[in-house]
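Coming up is one lone chain in C-alpha cells, specifically the form predicted alone.
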C-alpha cells in the first residue's frame, strides 16, 4: 500500500502505524541529498504535469463543437466557475475561477491517488501539502481584502463586528482568532485528516486480511471478509475524495467573498 504495495503474507507489517506514511526515497542512488524524492514527491509532480498537459492539449485547437477532451476540460472549468466561484462570490467570482479550478483539480487528483491500485496513497495524507495549499488560500483572501478595501478598512471590517462598544474588547480577539488563525488551520487539517484516516482504514483491512491468512487456516474466511471490506471502503473513499476537493475549494471561495464584502 505505502511503498510495499505487494507484500508476502509472511512479512505483513500489522498493525499499520504512522511510520507507513514516511516512505523511503525512490532514487536508488539516494544517500543524503536526494532522500526527499519519495513516492509522495513523484505523485505531486505527476499530478501537476498531468493537469498542465491535459488542459494545454485540450485547448491547443479549440473547436466550436468540442472534442471529448475539450468538453471535459470545459465542463470542469464551468462547474467550478458557475457552481463555486459565481455562486459563492458573485459576478466577481469569474476572475477567481482559474485559481479555484486549478485548486479543485490539484486536490482532486492528489486525493485520487489514494485509491489507484499499486499507488494507494494520497500526498494530502501528509500535512505539509494541505498546509501549503491552505497558506496560499489564506494569503490570497487577505491580499484580496486589502486590495479591495485598503489595509485599515479591511482589518476594521474583519475584526470589528457591529456590536456595543463595551463588548468589543471581548469580540475583537475572537474575530481575529476565527478569521485569521482558525481558517487556515481548519482548511489544512480537514483535508489532511480525511485522507490520513481513509488511507489508514484501507491499510488496516488490506494488511489485516494478509495477517489473518498467515496466522491460521481458520482465519482464512475472515481474511476474505477483510478484503471485501477494503473494496467497499474504496468506493466510500472515492466519495470522500471528491467531497474534500469540493469543500476545500468552496471554503476558499467563501473566504474570498468575505474579504470582498463591505459589511462584517
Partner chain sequence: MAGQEPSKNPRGDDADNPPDTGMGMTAVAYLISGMLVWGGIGWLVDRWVGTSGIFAGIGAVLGIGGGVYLIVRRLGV
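Positions refer to the first chain, counted from 1. Small disclaimer: the values here were computed from a predicted structure and weren't measured.
Unshown form predicted together with the partner chain; subsequent notes refer to it.
*Could you confirm whether residue 240 comes within 4.5 Å of the partner chain in the predicted complex, counting heavy atoms only?*
Looking in the predicted complex, residue contacts with the partner chain do not include residue 240, since no heavy atom lies within 4.5 Å.
*Using the partner position in the predicted complex, report whether residue 157 sits within 4.5 Å of the partner chain, counting heavy atoms only.*
Because a heavy atom of residue 157 falls inside 4.5 Å of the partner chain in the predicted complex, the answer is yes.
*Contact of residue 167 with the partner chain in the predicted complex (heavy atom, 4.5 Å)*: Output for residue 167 is yes: heavy atoms within 4.5 Å of the partner chain.
*Using heavy atoms and a 4.5 Å limit, would one call residue 95 a contact residue for the partner chain in the predicted complex?*
Although the partner chain is absent here, residue 95 would stay clear of it in the predicted complex, with no heavy atoms inside 4.5 Å.
*asked:* Just to confirm the contact call: exactly one of 118 to 126, 76 to 84, 96 to 104, 138 to 146 touches the partner chain in the predicted complex at a 4.5 Å heavy atom cutoff, so which is it?
replied: Answer to the contact question: 76 to 84.
*Non-hydrogen atom within 4.5 Å of the partner chain in the predicted complex for each of 90, 177 and 251*: Spot residues vs the partner chain: full contact, yes.
*Sequence order please: the residues of 181 to 204 with a heavy atom within 4.5 Å of the partner chain in the predicted complex.*
Result: 182, 190.
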